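What follows is one chain in C-alpha cells, specifically the form predicted on its own.
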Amino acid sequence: MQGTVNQRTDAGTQRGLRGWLGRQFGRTPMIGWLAGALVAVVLEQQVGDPLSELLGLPKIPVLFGFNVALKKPLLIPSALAFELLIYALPIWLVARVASPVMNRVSGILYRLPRWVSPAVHLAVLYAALHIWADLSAYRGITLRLMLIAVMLTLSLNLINGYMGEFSCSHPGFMALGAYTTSVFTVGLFMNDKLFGPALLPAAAGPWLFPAALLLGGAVAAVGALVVAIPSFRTRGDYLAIISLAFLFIVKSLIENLEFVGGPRGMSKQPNWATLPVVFLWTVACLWTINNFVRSTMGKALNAVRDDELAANAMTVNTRKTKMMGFLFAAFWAGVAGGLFAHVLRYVNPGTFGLQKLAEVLAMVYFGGLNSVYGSIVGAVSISLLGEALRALEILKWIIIPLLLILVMIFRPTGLIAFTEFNVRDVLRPKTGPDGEV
C-alpha cells in the first residue's frame, strides 16, 4: 500500500515538473530560442572580456567553461557565473518575455511560402554560430568539425539505422572523398612538390570547390559498390566483416600510393572549407537525407530492415533499395571527407582508421537509430563532450566509453530513436490565436 502511494506521489511530481517546464518553455517557438541564442552571443562579444576579467577568469571560456573548470577547479564558480550571465539568463529571458512576439513572428513566417520560414531560421542560426565562432579560432575549427560530424552521422544512420545493416566502411568512404577532393584542389590550384606548379589560377578555386566536393562524393559512391554488391547475399556479422575489410583495403591502398604522399599524407589544401561553406553543405546534407528517408525509398529501407523476405514479397526491389542506400550514404560521407581535409588542411591514411570508425559509430548509437534528430544530437554531444574533456587527457577515453555503456544499457536504441524529423512541425508557432499551447 505504501509502495502504491509512493508511486502515485512520484508520478504526480513528474507531472508537476513536466507542467512547470511546459509553462516556462513550451510556449516559445524555435525562432524564439534562436533569437535568445543570438542575443547571448552578441552579449558575449560585447561584454565578454570585461566580465571575464571581473570574475577573475584569464579569458573568455572558449567552450562553455568546461576547459577552465577542468584545468583550474578553483575557477569553477567563476566559469558557472559567466555562463549563467552570458548564456542561460539571456536565453531564458528572451524565450520567456518575448514569447508572444516570437509566436506572432513564427505565425507570419508559417503562412508565407514554405521555403521562407526555414530560410529565416537558418539565417538566425548561422548568425549566432558565426558570432560565437568568431571569438576564437579554436571555436571556429571545433564548430566546423562538429558540422562535418553531423554529416557523417546522418549518412551512416542511413545504413545502420534505416537499412538495419551494420557497416564499418564509412571511414573508407570518407578517405576516398578526402583524397579525391585534395588531389583536385592541390593539383589544380596550388604549387606543390607532389603535383608541380598550379594549372589554374587560385582565384577560380573557391568557385570550383563545390565541384571538387561532388567529385569526392561520386568517387566514394563508386567505392561503395564494393560493399553494396556483397550486401545482396550477406547480412549482420558477415556484412560487417566485408565492410571492415573494405576500410582496410582503402587505407592500405592510399598508404602505398606515392603520388598522394603515401603514409606521410597530403598537405597544402587551400582554406576553402570556411564556416559558411561547411554550414551550407551540412544544411544540404540534412535536407536531402531527411527527404530521402521520408520518401518511398526511405520507407522501402525500413521494410528491408524489418523483414527482407516480406519486403521482397510485397514487390519492394530489395537490391535496388540496398544499392541506393549504400550509394547515397557513401556520397555524403565522401563530401564530408573532402570538407574534413580542407578544414584541417592536412590528411593522412591513419586518420581514417578504427578510431574514426569507433567515433562515428558512437555518435550514431548514442544519438539514436533511425532518427535524423538522433544523428544531430549524437554528433553534437560526442563532439562537444570530446573537446570539453580534452583537459583530462587519458581519463577522457574512460569517461566517454562509460557514458556510452550506460546509454546502451538503459537506452539500447539511443537517446532519440525512431523519431521523424518534420521541418514544418519544428518551425510552427507554439500557441494559437487564443494563446493556448
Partner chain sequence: MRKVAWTTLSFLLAVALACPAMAGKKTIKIGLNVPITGDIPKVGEGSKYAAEMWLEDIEKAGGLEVGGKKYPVEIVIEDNESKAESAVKVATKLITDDEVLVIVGPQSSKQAVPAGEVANNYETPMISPWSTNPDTTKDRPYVFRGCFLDPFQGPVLANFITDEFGFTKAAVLYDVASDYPKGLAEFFKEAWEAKHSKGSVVAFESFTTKDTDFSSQLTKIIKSGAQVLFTPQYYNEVALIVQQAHQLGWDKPIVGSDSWGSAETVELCGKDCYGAFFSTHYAAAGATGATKAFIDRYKAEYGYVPDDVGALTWDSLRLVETAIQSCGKITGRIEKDRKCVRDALARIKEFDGITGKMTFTEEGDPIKCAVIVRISDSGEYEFYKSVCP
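Everything quoted here is computed from the prediction, not taken from an experiment. Residue numbers count along the first chain shown, from 1.
Just so you know, the form predicted together with the partner chain exists too; it's not on screen, but the next bit is about it.
Engineer: Just one of T282, N103, S117, S78 has a heavy atom within 4.5 angstroms of the partner chain in the predicted bound form, so which one?
Structural biologist: Among T282, N103, S117, S78, a heavy atom within 4.5 Å of the partner chain in the predicted bound form occurs only for S78.
Engineer: Of P276, P263, P201, G196, which one comes within 4.5 Å of the partner chain in the predicted bound form, counting heavy atoms only?
Structural biologist: Among P276, P263, P201, G196, a heavy atom within 4.5 Å of the partner chain in the predicted bound form occurs only for P263.
Engineer: Name the stretch, out of 62-70, 28-36, 372-380, 406-414, where some heavy atom lies within 4.5 Å of the partner chain in the predicted bound form.
Structural biologist: Selected range: 62-70.
Engineer: Are all three residues L54, L84 and I394 in contact with the partner chain in the predicted bound form, where contact means a non-hydrogen atom within 4.5 Å?
Structural biologist: Spot residues vs the partner chain: full contact, yes.
Engineer: Test of understanding: in the predicted bound form, would N291 fall inside 4.5 Å of the partner chain by heavy atoms?
Structural biologist: Contact check for N291: no, nothing within 4.5 Å of the partner chain in the predicted bound form.
Engineer: How about W332: is it within 4.5 Å of the partner chain in the predicted bound form, going by heavy atoms?
Structural biologist: No.
Engineer: Taking the partner chain as it sits in the predicted bound form, is Y138 in contact with it (heavy atom to heavy atom, 4.5 Å or less)?
Structural biologist: Yes, contact at 4.5 Å.
Engineer: So in the predicted bound form, is the partner chain close enough to N348 to count as touching (4.5 Å, heavy atoms)?
Structural biologist: So N348 counts as contacting the partner chain.
Engineer: Can you tell me which residues in 351-382 come within 4.5 angstroms of the partner chain in the predicted bound form, by heavy atoms?
Structural biologist: Those in contact are T351, Q355, K356, E359.
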